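Single chain ahead, by itself, as structure tokens, in the form predicted on its own.
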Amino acid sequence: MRDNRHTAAVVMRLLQLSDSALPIGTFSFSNTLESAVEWGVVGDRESLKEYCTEVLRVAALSDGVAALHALKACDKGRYDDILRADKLLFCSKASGEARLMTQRMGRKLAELGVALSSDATLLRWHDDIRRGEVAGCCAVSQGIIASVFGIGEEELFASLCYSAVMMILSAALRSMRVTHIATQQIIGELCGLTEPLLAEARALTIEDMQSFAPQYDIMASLHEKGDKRLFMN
């Protein structure tokens, strides 16, 4: 359970769970960037930043909201609230690719979680995923694991936002002409959005998650049907 202390152990655990080397398959997905590049929606640094900004907002106000609710529900021992967050988040995903991505990463994260902890809620969550009784969204797994390892709301939210943006920027390095310096500049420029997005996310109920992003959903549908890809769909 959380004790609200930013100890070195908690910070190190947060870094571990935010690392791109975390074995949950993040590198296998582009978060629709591949299609955005192919169709000319993204072609340079500025359009890449704009696309990351849109995806960041969607992630913050849907996955971020669900993750925060899952963390609080786990803290309070309210497993039914975790299930509700998972169900509503999964239903908010408009594309099959988004649903596949969140389920595969959520399952892998739950598997990793039970390898690191014997927490009863985490074990129950993992078992429910294995039995197919829950969708097993990645953000909900993140919220549960944050509660288990004493990671607070701000840190969880920042980690989730960072992961959403870095998935795109990492894919950009393999999909378009952009430098490592430019991608780091973009993530630095987007850091300023995290606090206001957190305030928005905290003000939303789980029923009020906002996932409306037509450009993103169109790119996802094109990627699902495309025959040229570097990343999974």
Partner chain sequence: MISDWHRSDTDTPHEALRYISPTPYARPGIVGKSGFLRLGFECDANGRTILRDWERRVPLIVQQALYFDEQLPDMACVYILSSGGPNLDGDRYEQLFTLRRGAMVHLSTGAATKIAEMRHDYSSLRQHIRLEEGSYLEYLPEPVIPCRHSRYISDTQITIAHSAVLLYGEIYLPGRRHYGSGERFDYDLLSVAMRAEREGGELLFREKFVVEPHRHHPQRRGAMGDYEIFANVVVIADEPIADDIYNATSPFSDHTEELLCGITRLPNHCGVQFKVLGNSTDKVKRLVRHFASRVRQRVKHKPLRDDFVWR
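Positions refer to the first chain, counted from 1. Keep in mind the model is a prediction, meaning the values are calculated, not measured.
This next part talks about the form predicted in complex with its partner chain, which is not shown.
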> Counting only heavy atoms and a 4.5 Å cutoff, which of 36-44, 161-169, 180-188, 66-74 contacts its partner chain in the predicted bound form?
Replying inline: 36-44
> its partner chain in the predicted bound form: within 4.5 Å of a heavy atom of each of I24, V114 and E155?
Replying inline: no
>> Using a 4.5 angstroms cut-off on non-hydrogen atoms, would F90 count as touching its partner chain in the predicted bound form?
In response: yes
>> Please determine whether A94 contacts its partner chain in the predicted bound form, using a 4.5 Å cut-off between heavy atoms.
In response: yes
>> Check L204 for me: does it contact its partner chain in the predicted bound form (non-hydrogen atoms, 4.5 angstroms)?
In response: yes
> Hey, in the predicted bound form, is S211 touching its partner chain, heavy atoms inside 4.5 Å?
Replying inline: yes
